[in-house]
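In the form predicted on its own, a lone chain appears below as structure tokens.
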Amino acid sequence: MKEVTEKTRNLQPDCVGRETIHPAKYLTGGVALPGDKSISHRYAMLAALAEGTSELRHFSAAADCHSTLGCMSALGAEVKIDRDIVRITGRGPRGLKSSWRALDAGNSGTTMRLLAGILAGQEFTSKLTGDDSLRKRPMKRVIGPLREMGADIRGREDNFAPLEIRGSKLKAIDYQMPVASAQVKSAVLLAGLFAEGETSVTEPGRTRDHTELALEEFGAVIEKRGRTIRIRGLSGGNGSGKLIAKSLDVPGDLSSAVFFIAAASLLPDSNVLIHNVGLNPTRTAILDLLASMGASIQMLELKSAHGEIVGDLSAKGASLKGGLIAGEQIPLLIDELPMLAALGPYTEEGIEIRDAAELRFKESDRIAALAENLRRMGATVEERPDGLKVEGRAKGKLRGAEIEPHGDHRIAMAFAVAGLAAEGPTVIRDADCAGVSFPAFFQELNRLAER
């Protein structure tokens, strides 16, 4: 008990919204992750469109996913939350009702973009808004294809929230995506539920397929051939006509697991076991990349559940080589790039990221935020329009610093991990922003850290 108390004291906030990270010798123990954000969003939306009551177990604790629950509740679905179990009584595909107030997506781009696809096919007008950060993020990539389907969507400068969506009769389209994006693909597929005929999306590069798997699980008719996905509308033709409520388990969030894999890799003698992780093949490119860099990772106890692959991950201390991340790798690693960049100074060759201009339009300008904070810690960084180059350990060890995450959960968590291997304490300002995806992150990281 004494050891736990001392470790906990090391990471208590030193003032409101701040966390102090002290160097650690190694990480040891087991960790259970929050439910996968991407899957939780999709299950909640489809459960609200289904007939009957769905039970979603191990639902994500992330604020983003609870923004989705709030929106679906405001649209008429009955939502009951009991710790990490969420029960949603759906309204059927045509049973949602207009909300008297604007739907608040909070900080969640996934909520706004995917829900835009659903609302485009309703018989009422909706308004979608979010926090200051979300209102600065581009929505034209979703507005464009939805308008091709007949949607009436208006936004600030025709690109930013708040969005006003006047529900319309939608038509099926064959959409060739100019840039690989799971959110855009998902918005079009969800709109396709309300279109006459068969809607197809062809993506230029592979992206996560949680939407397709969830749609199939709830009873939609989906066909996948290569990089083209087709969905039949629920009304008329060969569509099933309805979605059916389901009882589902949400696997642990792999993007959250990456922070613990990175932390274990940085510190010799680390040995961490991460339980019940979603290992969907469209998400595991990060594990392949880390393994190619020298990380010691093992997949254990693999099983299939609701179309998703789930298992445990073992991560141990290792020497990381580093390398180049670019091209078709980027869409598959987009959420993990901040952690990879923050690892850069601790690798032999450094980390170079190209073709990732999308990072500038996330919860923060992640390229600028990474460059700024890496420099604060003493790293040598070259910032570029579409990425950055971080020099490796030849330039010496990082020093602790005061980190400004700009309200971005992934920046805060990435630099908390980097701080474990730095010289001296690292202070994360506005650390509460980690709650967007992992409310217990700092407590879990500290619990595993031996100092």
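Numbering starts at 1 and follows the sequence shown. Please read all numbers here as calculations on a predicted model, not as lab measurements.
The discussion below concerns the form predicted in complex with shikimate-3-phosphate (S3P), not included here.
S.K.: Identify, from the list S126, Q329, Q183, S364, the residue with a heavy atom within 4.5 Å of shikimate-3-phosphate (S3P) in the predicted bound form.
M.R.: For this set of options, the contacting one is Q183.
S.K.: Quick check on this chain: which one of T426, S38, S60, T68 has a heavy atom within 4.5 Å of shikimate-3-phosphate (S3P) in the predicted bound form?
M.R.: After the contact test, the surviving option is S38.
S.K.: Hey, in the predicted bound form, does E212 get a heavy atom within 4.5 angstroms of shikimate-3-phosphate (S3P)?
M.R.: Contact check for E212: no, nothing within 4.5 Å of shikimate-3-phosphate (S3P) in the predicted bound form.
S.K.: Check whether M149 has any heavy atom within 4.5 Å of a heavy atom of shikimate-3-phosphate (S3P) in the predicted bound form, and answer yes or no.
M.R.: No - in the predicted bound form, heavy atoms of M149 and shikimate-3-phosphate (S3P) never come within 4.5 Å of each other.
S.K.: Quick check on R113: any heavy atom within 4.5 Å of shikimate-3-phosphate (S3P) in the predicted bound form?
M.R.: It does: once shikimate-3-phosphate (S3P) is placed as it appears in the predicted bound form, R113 has a heavy atom within 4.5 Å of it.
S.K.: Should R208 be counted as a contact of shikimate-3-phosphate (S3P) in the predicted bound form, where contact means heavy atoms within 4.5 Å?
M.R.: Output for R208 is yes: heavy atoms within 4.5 Å of shikimate-3-phosphate (S3P).
S.K.: Based on heavy atom distances of 4.5 Å or less, which listed stretch (284-292, 330-338, 265-273, 126-134) is in contact with shikimate-3-phosphate (S3P) in the predicted bound form?
M.R.: Stretch with heavy atoms near the partner: 330-338.
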